Each structure stands twice: as C-alpha cells, then as structure tokens.
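Next comes just one chain, in structure tokens: the form predicted alone.
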Amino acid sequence: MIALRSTAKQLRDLIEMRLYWPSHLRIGLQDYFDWRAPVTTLQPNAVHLQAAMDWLCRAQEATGDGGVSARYRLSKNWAASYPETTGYIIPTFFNYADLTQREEYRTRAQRMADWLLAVQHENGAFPGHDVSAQSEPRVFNTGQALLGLLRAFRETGNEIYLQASQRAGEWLTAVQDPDGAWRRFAYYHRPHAYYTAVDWPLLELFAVIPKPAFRETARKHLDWVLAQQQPNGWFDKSGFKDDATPFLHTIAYTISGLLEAGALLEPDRPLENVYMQAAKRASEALLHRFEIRDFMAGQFDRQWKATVTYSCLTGNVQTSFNWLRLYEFSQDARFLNGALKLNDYVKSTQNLTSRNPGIHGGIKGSQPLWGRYIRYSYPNWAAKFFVDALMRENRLLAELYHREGLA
C-alpha cells in the first residue's frame, strides 16, 4: 500500500509539475541522472552572475508591479511579488550596479523600493506572503523589507524611505516579547533563532536613527538566541517548524544575522564579539561536515549529522557567503576554500542553455529539484544569495591576488 501511494504521488507530481514540457523534462532528467556541469567546464563567475541577474530581472518583469516574483514554479509559472525577498534583493541590485556601472540595476532597485512603500501596512509592518494572498504582518518579512528600504535611503537620500524604515523598526520593537523573542506575528506563532536576520537590519536602522529602542530590541533577541546555542554550536529553534532537522537555509540565516550584528555592534574588534563567536562556532561545525563528505546536505540534526541526501542550494550560497565573511574577519583560509567549493557546486547546477526564461540562469530550491526545500521551483532568494556569494568571492580573491602579488 505504501509503495502504491508513493507511485501515485510520483505520477501526480509528473503531471502537476508539467514534466512533459521539454524544458521541464530536460531539468528532470539532468537531476535524475545528476548531469551537472563538471567543475572543469564551469564558466567564469561573470557569466554565472549575469545569468542570475538576468533571471532576477525577468522575475521582476513577470509581475508588472515593480516587485520581484517569489519564484518560478514548474506547476504554475511565475508567482506574485514577494515583499520579504524583494526587500533584500534591493541591496543586491545596488551592489551589482556598482560592480557593472550600469544604471539599469539602480533604477530597478528603486522600483522595488517604491513598490515596498505601496504594500507597507499603516502600522509599519509588511505582509508575510506574496501579494497573491491576504496575510497578517510578519516580523521576519518586515526585517527583510527594512534592509531594502535602508539601502534605498542611503543610495538616494530620499527621506520617504527612511520614514518607512522608522515605522517598520518601531513596529518590530512594539511586538517583541519581554524575553527578547518574537512570538506574535512570527512564522507559526513560535520563536525562531533565525530571526537574528531581523536584529541585523534593526542595528542598521539604529546607525541612521540612534533611537535606543532599536539597539536594545536587537540585543535582547540576540541574547535570547545565544541561550539557544548548544556546546557543539547547534542552535535550538533554528527551523521554520521542524527544529529536529531544520533546513540549512534557516541555519544559515541564524549564522548570518549573528555575524552581521556582531560586526555592527563592535566593528573595531568583531572577532571578540560574543555573537560573532557563536556564529563562528556553528560555521566551523558545518565546515567540518562539509570537509568530511565534500557535500552539503539540505538538513541536519542536533549532532550536525545530515538527515537527507538532497542539497538546499539556497542554504549552500548563504553558507558560502557566511564563510567568506568569516574569512574576511579571520583570514582563516579554510573558510575561503570551503566557500569556493560550495559556490562551484551551485554553479554546476545553474542552467545556462535552457530557452525557458524561468529556468535559464535561475537557481533551484533543491538539488535535485524534487528535494524537500522549495521543490520543483526556482525561488528568487536562491538567485539573490547566489549573486551575493559570487560577488563577494570575486572581491576577496582579487584582494588576495593583489596582496600576494599575483594580480
């Protein structure tokens, strides 16, 4: 009976995901047989970067409202615009505009920021879903929109973005629980360690508007997260709902928030900061697992043992970026080496030949695409973090080659 149900589900997936479409079928076959591009045949980072940015531009154009489509779904094409991820895609577009000196990306980033203003709630919060559905305000999504609004203000000097940022920050402060966690307006109405990715933008807001409540709200939550860390580096409550085997995606969020918050709180001696030390401890545990297996699994248990055989591509590039940041601070070459390998792995999964605009240049949720994380889809945040990781890799390698006299 179990075998029959499994077969029936596979047939249903085959139909729902339109794997009878040639472009979809090719991806399915490539993943089934693991026909990824060999590392020796990968294109230069500039090619992979441009393809991912072109995909993100198409994701923005697909919605027609200025926001960025949440994902390309094999079942339903492009989804509606997603405030959370549009928020943190804005800095990526400004960074790529600086890298390429192409005004187009700056203009697109401003369109995204203007769209965020249009969907912000009166109380300063942002909705917790793409705009195809009515959704209550959410803490995490508001924090990510805050990142984009603050960057738009720094780039343009337009006070309207700062005013919207302040309202978002005040709402985040108002709905925090006394112990430092967020439960109201949190995903599944439960506390999450990965909300360190909300603390970071609150500290960025404090740097522009030095209102003590912004800093204290962030620190209270950061301290709550430190209390969740185990001696082996593991963070309890680091998943969406399944804390026993969370996705690498949310583990990486937890680490990145601690890293960036630590750097903002003590920029002169970041490695001595307790938050960055906590991030480093967890990162070293992940790096150790990666070095042993030469593969990054999509989910882990409390002993840092892989519980699945698929890879969470979003989590891979988030982790790569975290390791690159740790290399910046520590000059520990192990982190650089691990990041380069992770980036190469994700590059090997990026399709650069498909004629399907939702596939070409995008990054899947999982490798293979039927893995549990955002299955059968190309989420916009995977492409965003991929671009961030490759741009950071390029900059750090250029600095290294210059320092060693190789450039």
Partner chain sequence: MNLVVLCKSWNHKKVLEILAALREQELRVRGLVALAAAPEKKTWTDLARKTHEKSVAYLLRHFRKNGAVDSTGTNGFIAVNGVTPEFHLPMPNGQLPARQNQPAGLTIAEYAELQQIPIAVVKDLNSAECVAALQRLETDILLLGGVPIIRANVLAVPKICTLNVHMALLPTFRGMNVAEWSIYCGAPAAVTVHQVDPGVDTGAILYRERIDVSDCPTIATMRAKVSRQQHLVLAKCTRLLIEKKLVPEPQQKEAGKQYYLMHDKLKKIVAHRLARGYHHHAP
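From a predicted model like this one, the values you see are computed outputs, not experimental measurements. Numbering follows the first chain given and starts at 1.
Not pictured, yet referred to below: the form predicted in complex with the partner chain.
Taking the partner chain as it sits in the predicted complex, is D54 in contact with it (heavy atom to heavy atom, 4.5 Å or less)?
Residue-level check for D54: no, no contact with the partner chain.
Closest heavy atom of D344 to the partner chain in the predicted complex, within 4.5 Å or not?
Answer yes; at least one heavy atom of D344 falls within 4.5 Å of the partner chain in the predicted complex.
Taking the partner chain as it sits in the predicted complex, is K220 in contact with it (heavy atom to heavy atom, 4.5 Å or less)?
No - in the predicted complex, heavy atoms of K220 and the partner chain never come within 4.5 Å of each other.
At the 4.5 Å heavy atom threshold, is R106 in contact with the partner chain in the predicted complex?
Result no; R106 lies far from the partner chain in the predicted complex.
Of the options D242, D236, D332, E136, which one has a non-hydrogen atom that comes within 4.5 Å of the partner chain in the predicted complex?
When the partner chain is considered in the predicted complex, the option within 4.5 Å is D332.
Given a 4.5 Å cut-off on heavy atoms, tell me which of 283-291, 67-75, 180-188, 315-323 is the interface stretch with the partner chain in the predicted complex.
Looking at the other structure, the answer is 283-291.
Scan 38-54 and note down the residues that get a heavy atom within 4.5 Å of the partner chain in the predicted complex; none is a fine answer too.
Just N45.
Given a change of 3 Å or more, say if the Cα atoms of A37 and Y401 sit closer or farther in the predicted complex than in this form.
Compared with this form, A37 and Y401 lie farther apart in the predicted complex.
Closer or farther: how do the Cα atoms of H360 and V39 compare in the predicted complex versus the shown form, where the change is at least 3 Å?
Compared with the shown chain, H360-V39 is closer in the predicted complex.
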